[in-house]
Ligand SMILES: NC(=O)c1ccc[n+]([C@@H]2O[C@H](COP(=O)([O-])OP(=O)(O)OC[C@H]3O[C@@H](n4cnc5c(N)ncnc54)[C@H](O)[C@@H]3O)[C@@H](O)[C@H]2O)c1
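Presented as structure tokens, the chain that follows is alone, the form predicted on its own.
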Amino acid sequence: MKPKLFSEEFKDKIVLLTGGSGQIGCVIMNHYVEAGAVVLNMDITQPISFLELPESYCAGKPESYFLMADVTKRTDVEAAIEKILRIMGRIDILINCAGISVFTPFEKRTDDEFQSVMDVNVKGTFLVTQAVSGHMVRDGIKGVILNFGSIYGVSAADQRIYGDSGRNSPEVYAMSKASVIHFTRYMARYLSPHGIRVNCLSPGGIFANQAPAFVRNYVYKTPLNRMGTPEDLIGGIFFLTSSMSEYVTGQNLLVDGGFTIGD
């Protein structure tokens, strides 16, 4: 359930969310729609239940719509933003949630793997932020931008957690998320003269039916004694994109059950 203090906060807000088709993105979209917002999902994968953004929109009805776009391609991003502005007129909140990783070991990292992670996680965040912030500045929108980092953007992964599961937390993912966190700080200062706030939320491990041995190892290192869920992130997301945090910018909120306390 959404916190009561946010019951009117997002009514009629236009929220652009990248990566809204993923495990976390879908939950974020549902909560914003429940709170009265219109949510636009920019992704390369279209969920069956989502309709593409129509050329006409009936104001006052919270909905979620889909725009197919590759965040690593400037032409895709600019076309999607242009369509949103033509139909909706503005973007109030941008959430850069799109992200990928790879699971091969560092010693076998290929150029293509490295580039694909950096392209989505870093370049994608840059391109969408550039396009949306340009609109906000030009049209005088005192908007909010929220980027997605990771605990591994601030803390070195303990590879012992993964054991022989065949998975790991790769160096390129850590590099990309550290870049996003610092990009957040830079943009917070850069956009502050225009009244635009920029913050980052860094989740800990989210349960997604991982191997039992990995889950046990991860939980052992987590003071709150469990992995996270997408719903655990909503309070922080709502806080950072609402007027409750109107004096907060350039910050990275760790939502990790205490995993990074000792780092």
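These numbers come from a predicted model, not from an experiment. Numbering starts at 1 and follows the sequence shown.
What comes next is about the form predicted together with this ligand, which does not appear here.
Even though the partner isn't displayed, in the model of the complex is F183 close enough to this ligand, meaning a heavy atom within 4.5 Å? Although this ligand is absent here, F183 would stay clear of it in the model of the complex, with no heavy atoms inside 4.5 Å.
Taking this ligand as it sits in the model of the complex, is I95 near enough to touch it, meaning that at least one heavy atom pair lies within 4.5 angstroms? No, I95 sits far enough from this ligand in the model of the complex that none of its heavy atoms falls within 4.5 Å.
Touches this ligand in the model of the complex: A213 (any heavy atom, 4.5 Å): A213: no, not in contact with this ligand in the model of the complex.
Does this ligand come within 4.5 Å of any heavy atom of D232 in the model of the complex? D232 lies outside the contact set for this ligand.
Between this ligand and K13, L53 and G143, in the model of the complex, does every residue show a non-hydrogen atom at 4.5 Å or closer? No, the candidate spot makes no contact with this ligand.
Taking 4.5 angstroms as the heavy atom distance cut-off, pick the stretch from 31-39, 234-242, 190-198, 62-70 that is near this ligand in the model of the complex. That would be stretch 62-70.
Give, in sequence order, every residue of 189-213 that has a heavy atom within 4.5 Å of this ligand in the model of the complex, or say none if there are no such residues. The stretch 189-213, when checked against this ligand in the model of the complex, contributes P203, G204, G205, I206 at the 4.5 Å heavy-atom cut-off.
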